[in-house]
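In the form predicted on its own, a lone chain appears below as C-alpha cells.
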Amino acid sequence: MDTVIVKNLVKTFSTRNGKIKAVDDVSLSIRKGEIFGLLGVNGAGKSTLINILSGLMTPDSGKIFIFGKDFEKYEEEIKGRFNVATAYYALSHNLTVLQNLKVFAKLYGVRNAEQKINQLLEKFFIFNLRNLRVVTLSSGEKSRLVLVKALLNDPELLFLDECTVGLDPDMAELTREFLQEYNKRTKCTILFTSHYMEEVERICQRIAFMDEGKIVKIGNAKEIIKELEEQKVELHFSANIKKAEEILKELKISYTKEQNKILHFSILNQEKIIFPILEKFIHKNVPFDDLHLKKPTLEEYFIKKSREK
C-alpha cells in the first residue's frame, strides 16, 4: 500500500498581480518505505505541497490519503504518525533546546521523553547545547535540533524540507547516513526536498520535478538523466594527437583541444556508444593514455529544466 496518495491537488494564492496556482492539479503517490525526492526551483511549489500534506495549509481542492485514510477526515489521527523537519520551521527562540523538545514530546505523547531526547541530541552531536536558548544557536545547530524534534515520535512518515541547509559537509553526510539507516531499519517513508542535487540523486529511490506548481517528471535518477542528450568525453594523448584529430574529423565529431595533449568532445548519452569510437582509434593504431567519460548529472538536468521557459 502506498503511504501517500495525492489526487488533483490545487492551492491558489492571491497576489497584487492576480491569483497564482502554487500547486496546480498535482497527483502523485509515495510508496511505503520509499525515500522520495521533490525538486524544483524556488517558487516551484515544493514547500506549499509539503505544508498541505502536513496539515499546515488547506488545499482549494483535491484529495489526500495517508496510511490509506482520508487526510481530511482523519487528520489528527494521521498527524500522530508523521513528523516534519524544515529549515523554516519556527521553534521558540526564547526557550532552551531541552525546553523546546520537552514541549514537543508532550504534544506527541512520547514515553520516557527525556531519555529519548538525550539519545537523539547525542546522535546529532548537540547534547552539550541542551541548556542553551535556541536564539543562541547557529543555523546548522538549529537544523540539527529540528531533525531531533522530527524524530521524537518515531514517525512512520517524514516530511524533510531543506533539512540539511546550514550543515557543514561532515554533519550533512552524517545526517544523510542516519536518514538512510533510519529508513532501512524502520521502513519509514520520507519525502525529501533539497537544492543539493548530489544528495537527492544518492538517497532518493524516485524523484519528482515541480515547475510552476505542476509535477513535470517522476522517475529514478537514471531514468531522468537519460533524457539529456549528451555525455562528455576527454581523451589524453602523449603522442599522435594529430592522427586522433583526423579520426574525429572523419567521424564528423566536433572537438576542442587542450595543451595539445587532450581532446574534448561530446557523444550521445547512450550505453556503449563510445565503443565504436574507441575501436576506430585502436584499429588505426592511435593509442591514448587516459579516458574520462563524464555522464550527465541530476544537477545538469535540473539546470536544463529550470532554463526551459
Partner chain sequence: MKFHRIKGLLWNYYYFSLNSLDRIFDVFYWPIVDILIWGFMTTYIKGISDFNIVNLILGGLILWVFLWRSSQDIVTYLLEHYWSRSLYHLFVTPVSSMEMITALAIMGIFRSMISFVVLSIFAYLFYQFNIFSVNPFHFMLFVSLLTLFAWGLGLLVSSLVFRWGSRIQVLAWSTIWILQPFSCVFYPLSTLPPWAMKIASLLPTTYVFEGLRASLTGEPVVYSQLLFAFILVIIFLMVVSLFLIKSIDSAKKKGSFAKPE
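Because the structure is predicted, anything quoted here is derived from the model rather than measured. Positions refer to the first chain, counted from 1.
One more form of this protein, predicted together with the partner chain, exists but is not displayed; see below.
Participant: Closest heavy atom of A239 to the partner chain in the predicted complex, within 4.5 Å or not?
Facilitator: A239 lies outside the contact set for the partner chain.
Participant: Does the partner chain come within 4.5 Å of any heavy atom of F82 in the predicted complex?
Facilitator: Judged by the heavy-atom cut-off of 4.5 Å, F82 is in contact with the partner chain in the predicted complex.
Participant: Answer yes if any heavy atom of T86 is within 4.5 Å of a heavy atom of the partner chain in the predicted complex; otherwise answer no.
Facilitator: Output for T86 is yes: heavy atoms within 4.5 Å of the partner chain.
Participant: How about V103: is it within 4.5 Å of the partner chain in the predicted complex, going by heavy atoms?
Facilitator: V103: contacts the partner chain in the predicted complex.
Participant: Counting heavy atoms only and using a 4.5 Å cut-off, do G140, E173 and R202 all touch the partner chain in the predicted complex?
Facilitator: The answer is no: none of the three residues contacts the partner (heavy atom, 4.5 Å cut-off).
Participant: Where does the partner chain sit in the predicted complex: which of 193-201, 120-128, 141-149, 220-228, heavy atoms within 4.5 Å?
Facilitator: Heavy-atom contact with the partner occurs in 141-149.
Participant: Can you pick out, from L91, A113, V216, V165, the residue that has a heavy atom within 4.5 Å of the partner chain in the predicted complex?
Facilitator: The option sitting close enough to the partner is L91.
Participant: Is any part of 5-21 within 4.5 angstroms of the partner chain in the predicted complex by a non-hydrogen atom, and which residues would that be?
Facilitator: If the 4.5 Å heavy-atom criterion is applied to the partner chain in the predicted complex, 5-21 yields K11, F13.
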